[in-house]
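Just one chain is shown here, as structure tokens, and it is the form predicted on its own.
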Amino acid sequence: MNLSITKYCSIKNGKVFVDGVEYFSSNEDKLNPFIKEFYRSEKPGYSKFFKMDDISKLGFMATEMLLKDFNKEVSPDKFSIVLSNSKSTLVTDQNFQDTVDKEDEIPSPAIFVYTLPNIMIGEISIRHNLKGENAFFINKNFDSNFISNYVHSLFCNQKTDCCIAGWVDYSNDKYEAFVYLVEKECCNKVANHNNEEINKLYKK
């Protein structure tokens, strides 16, 4: 089966790129102020954004760019999400542990809710009413071969008609999102969906 990448978004170092073209930039070094600035510039009108942990905010805004002008009719049950990173929710885990260690305070349930990486997928799914297959994998580095094979299997097994895939990673000193939209072979593709092409887009 031939699959196409029809759009992709990269976010890192205070910049947002859509299909390889710079879309937004900021002088903010830290993820939290940067991603809030980006949100306010886009004005998606989703108040729950401010309750999310920082890595969910990052994944949320990256996928906003993918689906911003998406107007194809896809059944919610056939719209999938497959994401990965290297550290799961480590920063959020550390923030939650800080609330556990304070003797006079109750551990924060608002932070605890985000100590699983698939919560990011949940937030994206609620926002866009996506009900298809979803998975979050933890790998040392972005493994384009693994992700492309997994996504390909979803299409081949008729589990999906459209899929968001990629990498959303965050540690205390750096952040990076690279997400792309996969559809069945079509004329408006950015690239073929295979390991080589995915790596080319990721390294741009």
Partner chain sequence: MRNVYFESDNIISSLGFTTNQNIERLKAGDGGITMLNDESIYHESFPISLINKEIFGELSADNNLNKQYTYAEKLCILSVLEALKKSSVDVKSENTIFVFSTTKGNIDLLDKSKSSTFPNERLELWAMSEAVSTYFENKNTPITISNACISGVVAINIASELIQSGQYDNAVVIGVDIVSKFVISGFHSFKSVAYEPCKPFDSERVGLTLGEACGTLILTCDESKISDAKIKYCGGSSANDANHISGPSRTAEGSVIAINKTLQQANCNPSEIDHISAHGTATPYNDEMESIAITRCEMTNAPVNSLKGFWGHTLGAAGVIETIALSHSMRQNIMFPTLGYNTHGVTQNISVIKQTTSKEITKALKMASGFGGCNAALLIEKTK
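Please read these numbers as outputs of a predicted model, since none were measured by experiment. Residue numbers count along the first chain shown, from 1.
Separately, the form predicted together with its partner chain exists; it is not shown, and the next lines address it.
Novice: In the predicted complex, which of 63 to 71, 173 to 181, 138 to 146, 33 to 41 comes within 4.5 Å of its partner chain (heavy atoms)?
Specialist: Selected range: 138 to 146.
Novice: Flag Tyr150 as yes or no: does it have a non-hydrogen atom within 4.5 angstroms of any non-hydrogen atom of its partner chain in the predicted complex?
Specialist: Yes, Tyr150 lies within 4.5 Å of its partner chain in the predicted complex.
Novice: Even though the chain is shown alone, can you say which residues of 179 to 204 have a heavy atom within 4.5 Å of its partner chain in the predicted complex?
Specialist: Contacts from 179 to 204: none.
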